[in-house]
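One chain follows as structure tokens, the form predicted on its own.
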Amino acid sequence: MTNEWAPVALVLVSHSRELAEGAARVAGQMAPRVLVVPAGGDDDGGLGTSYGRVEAALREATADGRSAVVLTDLGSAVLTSESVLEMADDELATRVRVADAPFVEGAVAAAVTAHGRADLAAVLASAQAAAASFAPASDASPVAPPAGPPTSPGGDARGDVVLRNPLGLHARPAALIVRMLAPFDASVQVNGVNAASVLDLMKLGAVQGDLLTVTAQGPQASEAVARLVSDVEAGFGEV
């Protein structure tokens, strides 16, 4: 499996071993091709952070030339991670970034982005954008573009589809949407939100029976909309 990992891995640094390992399992389930390495707890297994654990996790994450994004839960975890990077050789340090991001939400968002073989900058940006999930919701509902048939290959496309999943647009189908759309040269929205963000999709709160409006722009807009509509109609294997 090692040779099949995505080029960017994640390191999750927490004061709790259980929290780090649990978050790693959640992120790994959303993005099975991404190496997610937990580094939780102190050297005695208690609450705290360990320089040695973080160093070992970074070495594992960046083996075979991979880059890595580090996510942390509390301030001293940031300090420990930065201390490890300060002592690391320059070649390794240039392949690692410490994200200013919520721990669990950032890990999930970054993992799904990394699964699409995005580069280090894109994975870092995805993790840090997860902070927006805590922003107050706008009173204004997103307004979808007017209906119309797909235009030329470089133009806009639109499709409507009813959500069939019994549990609605929860984490698993949201992650599948993001991963599926990654190869398309198109910017895609679902009910006005960015379909490249698993957290934005989940925040829609879409439930079974809701109508989803899919819009897209770019050279492969029509193909992306058609594929997403087809996947929603198929229920992502849950119906």
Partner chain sequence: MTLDAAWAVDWVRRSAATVAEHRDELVELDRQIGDGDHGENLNRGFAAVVAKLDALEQPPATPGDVLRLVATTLMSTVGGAAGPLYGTAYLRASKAGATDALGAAAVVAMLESALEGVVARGKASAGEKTMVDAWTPAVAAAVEAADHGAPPSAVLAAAALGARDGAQATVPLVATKGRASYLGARSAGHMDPGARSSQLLLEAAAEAAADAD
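Positions refer to the first chain, counted from 1. None of the values given here were measured: they were computed from a predicted structure.
The form predicted in complex with its partner chain exists for this protein as well; it is not shown, and the discussion that follows is about that form.
Considering its partner chain in the predicted complex, which of Leu79, Ala93, Ala122, Ala131 comes within 4.5 Å of it through any heavy atom?
If I apply the 4.5 Å criterion carefully, the residue I get is Leu79.
Mind checking whether each of Asp43, Ser83 and Met87 has a heavy atom within 4.5 Å of its partner chain in the predicted complex?
Yes, the whole trio is in contact, each within 4.5 Å by some heavy atom.
Which of 95-103, 71-79, 122-130, 108-116 has heavy atoms within 4.5 Å of its partner chain in the predicted complex?
Result for this chain: 71-79.
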